[in-house]
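Given next, in structure tokens, is a single chain: the form predicted alone.
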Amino acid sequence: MAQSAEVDFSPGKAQLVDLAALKSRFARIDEWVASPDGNSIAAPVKTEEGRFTICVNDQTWPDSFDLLWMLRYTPAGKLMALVQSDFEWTVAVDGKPWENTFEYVWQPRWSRDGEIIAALCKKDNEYGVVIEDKPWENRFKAVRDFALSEDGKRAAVTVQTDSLGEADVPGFFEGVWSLAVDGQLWDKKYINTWSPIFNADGSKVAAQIRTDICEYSISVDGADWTERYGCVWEPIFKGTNGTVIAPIRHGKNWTLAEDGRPIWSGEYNQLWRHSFSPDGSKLAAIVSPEFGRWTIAVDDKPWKRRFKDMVLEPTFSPDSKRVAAPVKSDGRWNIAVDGEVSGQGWDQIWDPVFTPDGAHVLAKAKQDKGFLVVCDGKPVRTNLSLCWDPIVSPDGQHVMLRYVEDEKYVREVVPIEELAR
């Protein structure tokens, strides 16, 4: 998410970069990414010498690499990529590679403000975490899911603690997976662990655990819920008091549990991707009330509207009063807001973006071979070669649009009332 408070929202439209002119300079140009402030566009490029580097607007990084991928801007505007030279991988940030190198790095994460960057790494055939160029001292036989605290100071990863021989099923069911937090293992081992998550202040960690062939639960800082279930999904924390909420399969159906105790009376064919409103007063989740039909439930009350194909993660408005989600029915994508859908539907659509008062919803969409921007179900910029998520000003009065039109990268700031007409 862009730090919109630091973005210039002065109205106006500017063509910043001629992308067509750059094509003759490089043997290959890969996926473009736009900066959170809209002032830059960057892409991995291949030079005539067969090396890779990054082009930002029309300037290249000073260093080049054997391979390069996963180019991303963080919310702080840092431009990072995973790079390889001489068969060693590392992270490069704003053109400067980290000093430590590895056999491989992947799954980059960053702090909420985007200032701190971390990744999984492999060194000497062992696995761990590196944060801001500082690898964990302890490494493990294998790693899987990875979480970074909001402030970027702590990391948790699911790890394999012991080796297994080929087809060693008894050894597997004795438990060889656990969680490592800041490089230190939990005391307990499990058949499987997944999806670690920190609470808001980074003081606690929760994760899914598998304790027997068909028994699953949640553990918080290594203290397991006493209840066991047929399955569980990813936990989340409620506030900062350490309470954990997770979807559980209770009998044949799904509901939500808090610290092991069911809190929703509704039972669903499926339930997942739950999240709290910004003020913490409401809880929403994707649910399947009837077989083959999907919707959003808010505080255990499903929307009346059902969708045939798919419903994605709910997004609350900043004022916590409204909920929106990408939905798909009959092959068409749209944004449903409080259970209502407007607009014709599109081939593809991205996450909704609310204005601060919740009055308007914007989204990036795709139709045929082009991209577009949608506001309240209405297309407001169409036939774009590329575009990125709209960014709304803190006061909700303006929207920054970033897109490529006629092979020009454009940064445009528009009053919201102009888009919502």
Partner chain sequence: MKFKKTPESLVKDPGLDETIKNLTPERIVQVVNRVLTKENSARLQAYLDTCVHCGLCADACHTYVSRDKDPLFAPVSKVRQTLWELVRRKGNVDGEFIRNAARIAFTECGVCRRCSMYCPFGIDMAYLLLIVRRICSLLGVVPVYLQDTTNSHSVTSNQMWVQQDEWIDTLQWQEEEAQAELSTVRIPLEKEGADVMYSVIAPEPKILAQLLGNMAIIFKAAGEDWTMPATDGWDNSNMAMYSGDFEIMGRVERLHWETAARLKVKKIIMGECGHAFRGAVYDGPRWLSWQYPPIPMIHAIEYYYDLISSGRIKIKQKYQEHVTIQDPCNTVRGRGLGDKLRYIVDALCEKFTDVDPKQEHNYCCAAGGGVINCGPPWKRSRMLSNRVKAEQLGKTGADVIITPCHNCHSGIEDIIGFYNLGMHVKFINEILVECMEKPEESEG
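Positions refer to the first chain, counted from 1. This structure is a prediction, so every number in the text was calculated from the model and none was measured. Under this definition, the rigid core comprises the largest set of C-alpha atoms superposing within 1.5 Å between the forms.
Form predicted in complex with its partner chain: not shown, discussed below.
Contact check for Q270: a heavy atom falls within 4.5 Å of its partner chain in the predicted bound form. Contact check for R210: a non-hydrogen atom falls within 4.5 Å of its partner chain in the predicted bound form. Residue contact with its partner chain in the predicted bound form: A43 places no heavy atom within 4.5 Å of it. Interface residue remark: E48 is not counted as part of the site for its partner chain in the predicted bound form, having no heavy atom within 4.5 Å. Put simply, of Q107, S320, S275, T243 only one has a heavy atom within 4.5 Å of its partner chain in the predicted bound form, and it is Q107. Taking A200, C231, I263, A223 one by one, only a single residue has any non-hydrogen atom within 4.5 Å of its partner chain in the predicted bound form, and it is C231. Note on the interface: of 94-102, 147-155, 306-314, 275-283, the segment with non-hydrogen atoms within 4.5 angstroms of its partner chain in the predicted bound form is 306-314.
Residues are counted as partner-facing when one of their heavy atoms sits within 4.5 Å of its partner chain in the predicted bound form; in 68-92 these are W69, M70, R72, W89, in sequence order. Relative to the superposed core, P394 undergoes a Cα shift smaller than 2 Å between the shown form and the other one.
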